[in-house]
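Consider the single chain below, provided in structure tokens and representing the form predicted alone.
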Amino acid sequence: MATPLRLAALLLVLVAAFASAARADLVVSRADRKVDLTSHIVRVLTSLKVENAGSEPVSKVLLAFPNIQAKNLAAIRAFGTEGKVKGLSSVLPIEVVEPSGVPPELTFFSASLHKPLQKGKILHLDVLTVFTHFLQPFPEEITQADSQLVVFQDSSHYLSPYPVKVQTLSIRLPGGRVESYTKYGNTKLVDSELKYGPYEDVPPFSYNPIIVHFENNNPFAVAKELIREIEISHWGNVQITEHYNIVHGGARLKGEFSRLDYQSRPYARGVSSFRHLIARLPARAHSIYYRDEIGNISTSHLWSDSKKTQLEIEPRFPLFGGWQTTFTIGYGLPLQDFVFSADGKRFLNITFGSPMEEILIEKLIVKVVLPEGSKDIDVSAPFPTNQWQEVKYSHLDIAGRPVLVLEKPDVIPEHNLHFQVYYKFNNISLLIEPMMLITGFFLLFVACIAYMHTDMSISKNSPSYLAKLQWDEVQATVQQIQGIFHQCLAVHDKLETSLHDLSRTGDAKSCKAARKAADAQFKELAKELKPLLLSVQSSPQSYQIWPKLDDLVAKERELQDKLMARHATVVDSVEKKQRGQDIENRISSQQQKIAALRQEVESLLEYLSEI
């Protein structure tokens, strides 16, 4: 609060020094200021009646602002008309100037007149200024149940480089309680309007500080960033997608948040919060959606008539000071309402800012996505913006779609003006994507037809087919060989059984008969095996299997010899009435060799099964 007091003291010191630098040929006969503090965006309408008291025509009018106010100035517009009686005004161009011999603590703007103001003539000048971050929460932190109080600081005198004969100040408040305000002799508060003045014969650069401390619970909606994408399709639609990052710019919430208190008494236990935002969309908006990172949000309401479409969105939770949320809204618009043709070019004519009511956008990025093939792109905006171009790739794009990007800081509802994007586009380009689809489906059908009429089987005369047949024959033969060897192993088991019966009954005659039968079976199986082995050996596909088969045959023959020898030894020993321990000693070495050979034969059979 001490900042305006210090500035006022400095300005009072500088008044005498710079009064001579003031433009003595212009005099402000009357200055009426109306300040609107009902929102967090401060709007000041200054109505000036300027008279040329000099001898030379004047083509410019200077407007002065303290630097601490100028840094928060988001928009300034001037409307002027000449004559004793105020008539229809016209917009005057405004630019920042740096006149010589003026206080450095001030920022100056110059409103250029359409024609010079002659001696003795009167100019009616209306200046609209809009400020952001001008209302400061005080205290800066409040609890859930507290109302939000803010401070407004200004001067009851109109800061002007020209002398002012009569001036007044009217401040419109939002209607809550007023904690305090600076009082001078002619100050009065009536309902929600605070009036200062009239003041007469005020010298140039006069500054009389005032402070107003009042309640303001209106939504302090601030978009940290808004990315607004406008995608044009010449198939009949303009698609708008807006990505918001919203924060409550008021006093920060102190302490814990109670959902129970808020739902039971929302106007007493959350008066400083807001949970609704209103978006005024064009009348013919369609396919409207509202979602966030989680998904669609059903807490929204939509009204439409012939003039407008109103979307009321409700975030998932109420926003208190310092809280933020992100969400996306999207909708479609008819192409013929926003894209037109003129002088061989097409142009998009659409509003620049956000459709949200009373929202401050600290960083607005507008992306205009043009159809693929657009060229000679140009833009016409009612205010300066940062501009560059990008490329966006979508489905069926080849070279990509040109994207014109416009960026502007501190965007307010007053910036929601129409801007135009001009470009050239050939209608033949509309046929590229349909032709791509038609060609793709045509090639697919041709491929299907060709596939259905093509014999994909392998030729019976091809080397690969013959090799496959030979390999199949080898596999079948190997399976037969495996079967013969399994029969041999079964005969081995019968010999083992006969020996167990011999040890139990002592019938050597039966045991000899079993050995004779086994010998006959071995010879019969050998006859069956011989042609099969020759068949495998003669096949060119058996080069991997034959070494194993040859080894298997050798092991099996050795195993048969060992079994028959052991069998004969046991029977002979039994007939000679030898003791069992002596018999075991005679055949122990043979038994170990037989077990090892049996394991090797089974391993080779298992290997052949895997192949």
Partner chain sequence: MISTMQVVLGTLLAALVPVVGFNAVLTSEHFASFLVFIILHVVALVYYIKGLLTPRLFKVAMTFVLTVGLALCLAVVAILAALVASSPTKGWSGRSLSLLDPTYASKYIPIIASVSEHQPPTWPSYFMAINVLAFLVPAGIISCFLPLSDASSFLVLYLVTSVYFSGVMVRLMLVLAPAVCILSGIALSEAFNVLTRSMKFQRPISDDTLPTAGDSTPGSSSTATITTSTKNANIKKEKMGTISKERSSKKSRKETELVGSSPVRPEKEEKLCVLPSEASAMGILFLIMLCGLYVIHCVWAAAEAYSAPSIVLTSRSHDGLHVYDDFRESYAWLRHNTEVDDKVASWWDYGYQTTAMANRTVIVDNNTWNNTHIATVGTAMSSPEKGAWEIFNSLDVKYVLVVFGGLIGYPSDDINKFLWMVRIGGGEFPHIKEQDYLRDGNYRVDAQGTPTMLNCLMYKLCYYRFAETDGKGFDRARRYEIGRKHFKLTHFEEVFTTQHWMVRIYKLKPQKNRVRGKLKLKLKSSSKTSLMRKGAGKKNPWQ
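Residue numbers count along the first chain shown, from 1. For clarity, a rigid core is taken as the largest C-alpha set superposing within 1.5 Å between two forms. For clarity, every value in this text was computed on a predicted model and none was experimentally measured.
The same protein has a further form, the form predicted together with the partner chain, not shown here; the description that follows concerns it.
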Tell me, yes or no, whether residue 295 is in contact with the partner chain in the predicted bound form, where a contact means a heavy atom of each within 4.5 Å. yes
Please check if residue 211 has a heavy atom lying within 4.5 Å of any heavy atom of the partner chain in the predicted bound form. yes
Is the gap between residue 256 and the partner chain in the predicted bound form 4.5 Å or less for some heavy atom pair? yes
Is there a heavy atom of residue 322 no more than 4.5 Å from a heavy atom of the partner chain in the predicted bound form? yes
Kindly confirm or deny that 179, 260 and 551 each have some heavy atom within 4.5 angstroms of the partner chain in the predicted bound form. yes
Scan 308, 316, 183, 424 and let me know which has any heavy atom within 4.5 Å of the partner chain in the predicted bound form. 316
Residue within 4.5 Å of the partner chain in the predicted bound form by heavy atom, from 153, 477, 217, 300, is 153
Look at the stretches 287-295, 183-191, 390-398, 410-418 and give the one with heavy atoms within 4.5 Å of the partner chain in the predicted bound form. 287-295
Has the Cα of residue 502 moved 2 Å or more between this form and the one not shown, judged after a core fit? yes
Does residue 33 shift between this form and the one not shown by 2 angstroms or more at the C-alpha, the core having been superposed? no
